[in-house]
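Take a look at this one chain, the form predicted alone, written out in structure tokens.
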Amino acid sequence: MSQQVAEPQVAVNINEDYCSRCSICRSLCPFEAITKDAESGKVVLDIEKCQVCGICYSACPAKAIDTIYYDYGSLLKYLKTAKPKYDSDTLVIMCKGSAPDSAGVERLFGVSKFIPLSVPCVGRLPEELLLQAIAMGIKKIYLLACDENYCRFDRGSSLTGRRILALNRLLEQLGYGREAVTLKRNSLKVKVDKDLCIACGNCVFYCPYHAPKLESPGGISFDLDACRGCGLCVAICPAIALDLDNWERERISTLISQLLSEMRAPKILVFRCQWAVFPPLDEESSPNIRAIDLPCAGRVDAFHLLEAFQKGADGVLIAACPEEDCRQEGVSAKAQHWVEALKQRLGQIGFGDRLHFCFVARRHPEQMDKELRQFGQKIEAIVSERGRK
């Protein structure tokens, strides 16, 4: 008897039984992943073009589009749990690409006590979620979106602006004031210490956005309007003269120490691009696995990898977007190049097999699970062999 092979899980699906073929999703998709069949009139999703921004999901009037990431049900469940946990009636929803730390939120909105909610793009949020939050007793909602020309999903930020304008007009008519929902924009940028800069030109050579410029007689200046916050320049700077908002070198080092102290052996630390993997809001980690989310795999630097091993990591895995999916102009492929070079050097001291770089696509969630499972088995074997010697 032949066994049935289960179809791989994908992140987005269109339910034909519910689809009204209105084509709103097609008109809004930034990646031309949704088309309409000329003969049948059916709306068709090409999952290999889909970037899982969630805009189609939030815009579908027939609720015919399903997503496994941050759908209405999981977001509502999170709010119900988080409201008593944070003991606050203020909700701050942030795009991952623009989300600062708590101090940054306080600077932007003037609130120190709030319920945080971070999503890949605020453009994926259905308006009914915000209305439901207000019905739950949330008195103030702040949305933090990327600058429009900075949005990783092209239309998500601008679409959010139009939606919030319309929603506030409705809420004003219902007696909730003129700005029950406040929208601001933010972008996380590189920071330069010119006293440390040696004008080597590495950042100029590698930056895909041409943001850094060599000055005469020496030093670097950055066009912050051009900077997209990938962090590649920070990772390859030999003088440690660069840093990145919210992903500062010292902050990542502190997080490495904290996570490794919580883990059981064999300890696997994962550095993952926050656009390659969309973890669930109630993510539960294995006792021997912890993850650090980064703005791009390009932000992973040799200092932090070596620090992880020095502080007790048995294995380090780096998860990046495939080059065709990279929202940072192919930075993930550049990151792979230098990580593989570092892996060769680590091989000279017996650590090469304990560092693994992989590409995972967010549209295929099982890829990350597979990479972790295979790498975990490899690290267990290495640790076991080491114990026998």
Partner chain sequence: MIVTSLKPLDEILDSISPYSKILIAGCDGCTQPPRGLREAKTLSQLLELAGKLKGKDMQFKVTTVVKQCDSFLTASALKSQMDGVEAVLSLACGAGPQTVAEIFPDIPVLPAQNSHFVGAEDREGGILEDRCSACGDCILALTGGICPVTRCAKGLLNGACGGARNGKCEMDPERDCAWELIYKRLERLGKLDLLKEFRSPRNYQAKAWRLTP
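Values in this document were obtained by computation on a predicted structure and should not be read as measured data. Residue numbers count along the first chain shown, from 1.
A second form of this protein, the form predicted together with the partner chain, is not displayed here; the remarks below concern that form.
Only one listed stretch (49 to 57, 343 to 351, 35 to 43, 22 to 30) carries heavy atoms within 4.5 Å of the partner chain in the model of the complex, and that stretch is 343 to 351.
Within 4.5 Å of any heavy atom of the partner chain in the model of the complex lies no heavy atom of residue 110.
At the 4.5 Å threshold, heavy atoms of residue 202 reach the partner chain in the model of the complex.
Of the heavy atoms in residue 309, some are within 4.5 Å of the partner chain in the model of the complex.
In the model of the complex, at least one heavy atom of residue 301 sits within 4.5 Å of a heavy atom of the partner chain. For the candidate set 224, 174, 239, 166, a heavy atom within 4.5 Å of the partner chain in the model of the complex is found for exactly one residue, namely 239. Scanning 294, 318, 234, 159 against the partner chain in the model of the complex with a 4.5 Å heavy atom cut-off leaves one residue, 234.
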